[in-house]
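In the form predicted on its own, a lone chain appears below as structure tokens.
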């Protein structure tokens, strides 16, 4: 069994963090077996190195090693990529194609970003893990494949399972052994080592002197959060190597290459992400409540005017306008009579207006909106009745001419015709 240090040298792994060493040690231990392995960790921590270590130290090292980025393959073609397809299985399938599981028979397949797999593909993958069987797209023939599967993901698999985006049974089949790689911010002593390695590589590549950091700049480098981990550190080392004329870099110059250096608070960011899931729903709910409150206020004011002023032309127009606002009375939009009555009853219930209650003894001058407690028996507040009464009066006023009556009511002639038919006028 190779030592951890020998494996690091062989695969170019830099660092001496204890969590990194533990991850490499687990990879060395599981390599001789055919156990499925799930590699977890943030994006950019170097998860792709673990499957290579496992494959090269296993008895499959002479077989094929295929790395598949599951998140980069469109959902409609991923089954064909993994399991192959028969000629004519779908549009564009002009010939039979072998999938990765057939090609890599006897070797290893690395499924990167396995959490992005669509659910139907997860079912097919589970079958391969359980008994080594798969079926090509468009075929009914069961085929066998002796493939070792190593998967990797940067998402929280437990959360994906709760949200039903990933099958729980597949997760437990993949994660027989789970290897976690720590983020770069937890490997502070390794950050400068990695930077020096990258700076040396780019100096050789671009044929220029190697970039070096002052002590204060090294401290700044170690305190930075590194959201992109090793990949981000490498990119910054390359930028500095190419753009800077001075080869000794201080903290002020280094800050220009570190984005969002003043906002490296992971806990706060995480809390905002959790709260954002509910913020949109709250905003929508508040808007609905405010709109309902506005409608109810308009209804109160209008009803008060009806009681105090009678059925004047102005009040009739306001009444019809409110009907249109509340019930969407526009051309081409049908409002059922029963639905109208139901909506009216709901608003009366919200307002707590008793239909047959006796007059209140309280003085209305003290509270002008207390009308909800003293409805006059001879005048109903049903919007449907008011609508019917307004239509009748308008038709009588214009001697049955629908066009003139519709203009007076502020509705289309088509809508008026529908109302006449509805109320059997």
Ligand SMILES: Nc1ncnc2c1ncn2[C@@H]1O[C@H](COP(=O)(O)OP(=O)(O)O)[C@@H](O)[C@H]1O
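These figures come from a predicted structure and were not determined experimentally. Numbering follows the first chain given and starts at 1.
Only in words, not in the display: the form predicted in complex with the ligand, which the text now covers.
The listed set 134, 166, 226, 198 contains one residue whose heavy atoms approach the ligand in the predicted complex to within 4.5 Å, identified as 198. With the partner removed from view, the residue among 147, 179, 125, 230 that has a non-hydrogen atom within 4.5 Å of the ligand in the predicted complex turns out to be 230. Checking 27 to 35, 384 to 392, 60 to 68, 46 to 54 against the ligand in the predicted complex, the stretch whose residues place heavy atoms within 4.5 Å of it is 46 to 54.
Interface membership of residue 14, defined by any non-hydrogen atom within 4.5 Å of the ligand in the predicted complex, is confirmed. Contact between residue 93 and the ligand in the predicted complex is not found at the 4.5 Å heavy atom cutoff. Although the partner is absent here, residue 188 is not a contact residue: none of its heavy atoms lies within 4.5 angstroms of the ligand in the predicted complex.
Among heavy atoms of residue 220, none comes within 4.5 Å of the ligand in the predicted complex.
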